[in-house]
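Okay, so here's just one chain, in structure tokens, the form predicted alone.
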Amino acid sequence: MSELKVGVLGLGAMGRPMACNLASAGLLEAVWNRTSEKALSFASEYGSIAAASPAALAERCNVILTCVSADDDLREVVGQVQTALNRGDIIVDTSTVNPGTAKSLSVQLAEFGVGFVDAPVSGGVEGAVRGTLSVMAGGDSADLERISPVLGAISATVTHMGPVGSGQATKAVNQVIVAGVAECVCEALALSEKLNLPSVRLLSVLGAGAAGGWFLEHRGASMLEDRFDTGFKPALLLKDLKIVRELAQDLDIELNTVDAAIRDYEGLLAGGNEDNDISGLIRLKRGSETGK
């Protein structure tokens, strides 16, 4: 492939910092966002191009990094860019979607000679900002080799999990753990409040032992201080968990933790907590009917 010219479709909470890191690495050519003001502001700040449409972005770039919210959004933007791409170009999708969606889009793009890598990420908004995300990638090994500078600019680790769809399958497993840990930590800290335990000492002793982990370390203090504005939105995790539930139904496997988490996050959103991050789940665990 010639010089890498990367375009980013989607400048949300994760997409924008990834685009920032690509710009810092000298790889970013253009950006697009459904809300054009975001793209214009970003382009002015980082010296890139704010494309008028996904197709206009694709005409300037040979690697397209997508970061959108759901399967239908991904299908839509891929449909808009595919005829503007050249043979040998690659789409790298960092969204979280159904593995079947990734596979079908790969087949669709192959008809145009365009590669597709599903590369969902983990590490939260903080990891996106620092460029320390973990990428779980599915796709052709040659495509991954060609885009390695792109993935290297946004992440600390890249793991090739297998063919297209393997990245999304791995992300589904990841989200089961994320949801389960959030359930446990929120319940535990709600209990600690009822027991009137000193929060600073509690977090210190828990973090030093077997109960320690990313969620407790990064969200424990903010939860106990009633701050829920840092990271992943509950509506997005709920969307991910519904993908996991579909996979589980297809595979005839019971995932009780996922079913419980879906009920909880539906309740959290019904209580008007859509602007909080997922650690706002502690509000339900405290026993409030509305989650507020």
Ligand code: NAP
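Quick caveat: nothing in here was measured; it's all calculated off a predicted structure. All residue numbers refer to positions in the sequence shown, first residue = 1.
FYI, the form predicted in complex with the ligand isn't displayed, but the following is about it.
- Looking at D240, you'd find a heavy atom of it within 4.5 angstroms of the ligand in the predicted complex.
- When the ligand is considered in the predicted complex, E183 lies well away from it, no heavy atom lying within 4.5 Å.
- Shown alone here, W32 lies within 4.5 Å of the ligand in the predicted complex, counting heavy atoms only.
- Within this chain, R60 is remote from the site of the ligand in the predicted complex, having no heavy atom within 4.5 Å.
- The candidate stretches are 22-30, 41-49, 256-264, 65-73, and the one lying within 4.5 Å of the ligand in the predicted complex by heavy atoms is 65-73.
- V121 is the sole member of V121, L151, L189, L85 with a non-hydrogen atom within 4.5 Å of the ligand in the predicted complex.
- Along 217-244, these residues reach a heavy atom to within 4.5 Å of the ligand in the predicted complex: G231, F232, K233, L236, K239, D240.
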